[in-house]
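For reference, the chain that follows is the form predicted on its own, supplied as structure tokens.
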């Protein structure tokens, strides 16, 4: 005789999973061992601190500071260095000739065919004399100019030699005292000349003859001791002429 065994069916109110404690984990997914975590559930771990999260940026920060500082320094140099007169390219004695050569961008105001081209300016310059004078000569245009009270005037005599049509724009002739004070760099000069390196009445800013002489007048303090003449063309370099 065959005996049939019917699986027991939990009665009302009876727990179908007596081995599961209250608050225990639900049934595992197929293929997972007890104590394992499903792949879609991130494993709990200690969160990384601020220093670890930003380690790469902390390493790159000093490099960025160095690069930024270098770039800023270059921009300062590029804009500041060409502006002003602060580099002594030559030093000669009074009456000694000096050969000057410098490259500049020609705008073509006096020689149109040189517009927007770089030109090499070459000339020989000699300071032949520096003397204190009691009065100023009559200017090419306008009324006579008196020496202002509290000032004295010096006449600086120069001789130039250069190819005709040499551009002498931004010519500056200054006297330097023993304490470093510079007199006469402003243009036009005390007589109203717009170019100190060309004769009175010159048309434009280029030379017309192979050789010529000029006199430039400079006002200084009465008690200043003049030791040097400086000749420049816009900077940054200048010719220094030592006085006896």
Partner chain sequence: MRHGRRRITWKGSLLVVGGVVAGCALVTTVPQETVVETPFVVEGAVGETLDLTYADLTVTEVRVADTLESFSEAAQAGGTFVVVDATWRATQGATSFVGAEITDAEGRTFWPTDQAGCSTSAKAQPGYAWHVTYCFDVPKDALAGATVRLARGGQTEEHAGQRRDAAGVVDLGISAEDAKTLWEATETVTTESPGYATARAEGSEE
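Since this is a predicted model, take the numbers as computed values, not measurements. Positions refer to the first chain, counted from 1.
Beyond the structure shown, there is the form predicted together with the partner chain, which is absent from this document and is the topic of what follows.
Novice: Residues in which of 146-154, 161-169, 117-125, 96-104 have heavy atoms within 4.5 Å of the partner chain in the model of the complex?
Specialist: Looking at the partner contacts, the answer comes out as 146-154.
Novice: At 4.5 angstroms, heavy atoms only, are 186, 190 and 221 all close to the partner chain in the model of the complex?
Specialist: Yes, the whole candidate spot contacts the partner chain.
Novice: In the model of the complex, does residue 181 come within 4.5 Å of the partner chain, counting heavy atoms only?
Specialist: Because a heavy atom of residue 181 falls inside 4.5 Å of the partner chain in the model of the complex, the answer is yes.
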